[in-house]
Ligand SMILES: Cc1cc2nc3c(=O)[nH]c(=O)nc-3n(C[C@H](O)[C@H](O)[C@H](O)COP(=O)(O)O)c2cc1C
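The chain below stands alone, shown as structure tokens; this is the form predicted alone.
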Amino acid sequence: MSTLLFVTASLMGENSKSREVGADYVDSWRTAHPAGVVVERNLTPANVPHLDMSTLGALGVAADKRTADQAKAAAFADGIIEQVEAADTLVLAVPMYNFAIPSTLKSWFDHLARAGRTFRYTAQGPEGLLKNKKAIVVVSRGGYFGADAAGVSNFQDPYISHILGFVGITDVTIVAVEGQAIGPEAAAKGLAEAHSAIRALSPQAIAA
């Protein structure tokens, strides 16, 4: 059974433009996979705490040796990894905050990246272990940076591509919703262009 994991990280909730465009892809995926499963995870400071020493320490202890508190901390991090392991497709809806990603998404990545589980070190260098997955990343920002931009002011696209690749997810497509703070016309144009780009990636469009 195909599974899609939809991760959102905007302060705007249902009004998020990155979520709106990401949901467009999710809807098309549902149509193409009527028996598939969609799991949505909305990241907030309340439900994705920063990685701390108690959690890090728990992850370094064998499961049968953990205290009750360590088992609870490890279970939370395990849950994040298990959701990604179970998914064939990831859709990430990511606003740009101060040239980078939201801290909640950074915390999610911190729990996801675990040596021996989602990546490993080899004589040839790090090897990601979350292979054979596709990621569709919808990024939104107030200004103009260009799709897949890696300019000095954009730490959003490069970081997301790098950390996903680090854990083995190398099939990554980024769709940008740009110009959202420039003015109404620019915002509408940027949103329309992003919807057009995401629909071109839909399973139905690719199969046509």
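Quick note: we count residues from 1 along the sequence shown, nothing fancier. Worth saying up front: this structure is predicted, and the values here are computed from it rather than measured.
Below, we turn to the form predicted in complex with the ligand, even though it does not appear here.
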item: Contact segment among 96 to 104, 118 to 126, 80 to 88, 67 to 75, judged by heavy atoms lying within 4.5 Å of the ligand in the predicted bound form; value: 96 to 104
item: The single option of P45, P158, G142, G57 touching the ligand in the predicted bound form, heavy atom within 4.5 Å; value: G142
item: Contact flag, S28 vs the ligand in the predicted bound form, heavy atom cut 4.5 Å; value: no
item: Contact test in the predicted bound form: M12 vs the ligand, heavy atoms, 4.5 Å; value: yes
item: Exercise: Q180 in contact with the ligand in the predicted bound form, heavy atom 4.5 Å; value: yes
